[in-house]
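A single chain, nothing else alongside it, follows as structure tokens in the form predicted alone.
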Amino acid sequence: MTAPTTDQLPVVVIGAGPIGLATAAHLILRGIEPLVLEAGPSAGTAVRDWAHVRLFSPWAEVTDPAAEKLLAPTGWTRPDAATYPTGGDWAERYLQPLADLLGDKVRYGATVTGVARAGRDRIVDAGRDEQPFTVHLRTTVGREERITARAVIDASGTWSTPGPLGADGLPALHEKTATDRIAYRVPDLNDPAVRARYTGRRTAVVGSGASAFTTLALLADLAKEENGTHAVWILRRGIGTNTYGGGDADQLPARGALGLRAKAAVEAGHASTVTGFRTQAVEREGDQLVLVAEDGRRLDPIDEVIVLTGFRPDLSFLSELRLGLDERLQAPTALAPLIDPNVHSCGTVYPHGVNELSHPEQGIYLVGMKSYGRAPTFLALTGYEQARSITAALAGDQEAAERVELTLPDTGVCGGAGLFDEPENAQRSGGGCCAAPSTLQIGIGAPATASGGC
């Protein structure tokens, strides 16, 4: 049997999240065969992990035009464009129908463990660009497989790799042995088991983004109903004018309201603040934990810790490829200056495509939240534009690949998540964040390296 030419091979997309599935839709419309590999059991596995959290972006800004074009003949209609979905809504009413339409072009329970040029490790030059990619994966039953691909688009997100408690970017001393008391997600207090975990307890909340605001507001509501419930908000810096966000002046009213609720929780005594505290170690004291700062300060014993310090990309399975990444953000070198969180919010990130997302290794692309590395400024709309541009380039349409077809909303601000089931938040105008919980950048990638992400 004659081996297929490289152009006859599929494009492997890692992750069946919003951007991964949108990429597959664009590939199909370009006549290119996609194969989506998803580690989880369903589309948007990671999104379902924060199903209780409402996005700051309305439906109009979280569905992709190419995906809508494929879905339209099935009778699917986009929900009211002006309303704001929860993560659960997004997964059930858009992502899963799209994945179901793609059928066997999406494989679940497939964790990517490595990507390389066929027959070439990263140091070999000879014939490198002519070789297809080999994608190594492990199935849920433990079987190993190899897939040959013409290109690889990694949309696995960052959800599987949350930032640690340690202030130096590494786990605090004994952090890994205290995971029975440490969580890294916004809690779903509608879940009786989760609610019981925090009821009547002292909980440390570490982080300064919208995820922390959300969690403080939730714990404050719990404290109003359950005596003994108290939050200790730990900030690595001091409290300044922007600690609680933009308040009434915030470009996203729902986010501003969330910051004000966090502030109200502190002022009402449901939460106390500890500033300039950079955690170095975790110590056990009976059934409780004591956090120790690098300056020697020790907090009073606490029952639970919720760490909301951002996410970072898992690059381990790409180690045999020649990636060009910024040394700070771990984003593609040409993209990094455009998304630097020291300069930009989501609304000031210039739309970009294949030129900014290319690497020294031709044919490999990081898209969605994965492309932003550690920057929390990602927009779903930006990810859809990435998918459009890259697939145009793979189809040989360079003019379309380099053309900008995205106009970002004027109110685009970064930072992530609203409270679940907040009707007053669900109708307000705002714009554009990909929307998982805060510095918890939606990442939205599912568990494991082949997660589904933005």
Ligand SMILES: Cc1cc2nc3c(=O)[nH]c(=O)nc-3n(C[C@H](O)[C@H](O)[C@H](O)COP(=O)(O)OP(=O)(O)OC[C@H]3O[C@@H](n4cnc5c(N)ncnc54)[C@H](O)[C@@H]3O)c2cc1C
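One rule holds for the numbers: they count along the sequence shown, beginning at 1. Here the structure is a predicted model, which is why all the values come from computation and not from measurement.
What comes next is about the form predicted in complex with this ligand, which is not displayed.
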{"query": "This ligand: the contacting residue among A380, L335, L366, L291 in the predicted bound form [heavy atom, 4.5 Å]", "finding": "A380"}
{"query": "Candidate spot P18, L55 and T111, all three touching this ligand in the predicted bound form (heavy atom, 4.5 Å)", "finding": "yes"}
{"query": "Interface membership of F213, this ligand in the predicted bound form, 4.5 Å heavy atom rule", "finding": "no"}
{"query": "Close approach of Y198 to this ligand in the predicted bound form, 4.5 Å, heavy atom", "finding": "no"}
{"query": "Contact flag, A155 vs this ligand in the predicted bound form, heavy atom cut 4.5 Å", "finding": "yes"}
{"query": "4.5 Å heavy atom contact, T45 and this ligand in the predicted bound form", "finding": "yes"}
{"query": "Which of 356-364, 118-126, 326-334, 156-164 lines the interface with this ligand in the predicted bound form (heavy atom within 4.5 Å)", "finding": "156-164"}
{"query": "Residues within stretch 69-89 having a non-hydrogen atom within 4.5 Å of this ligand in the predicted bound form", "finding": "none"}
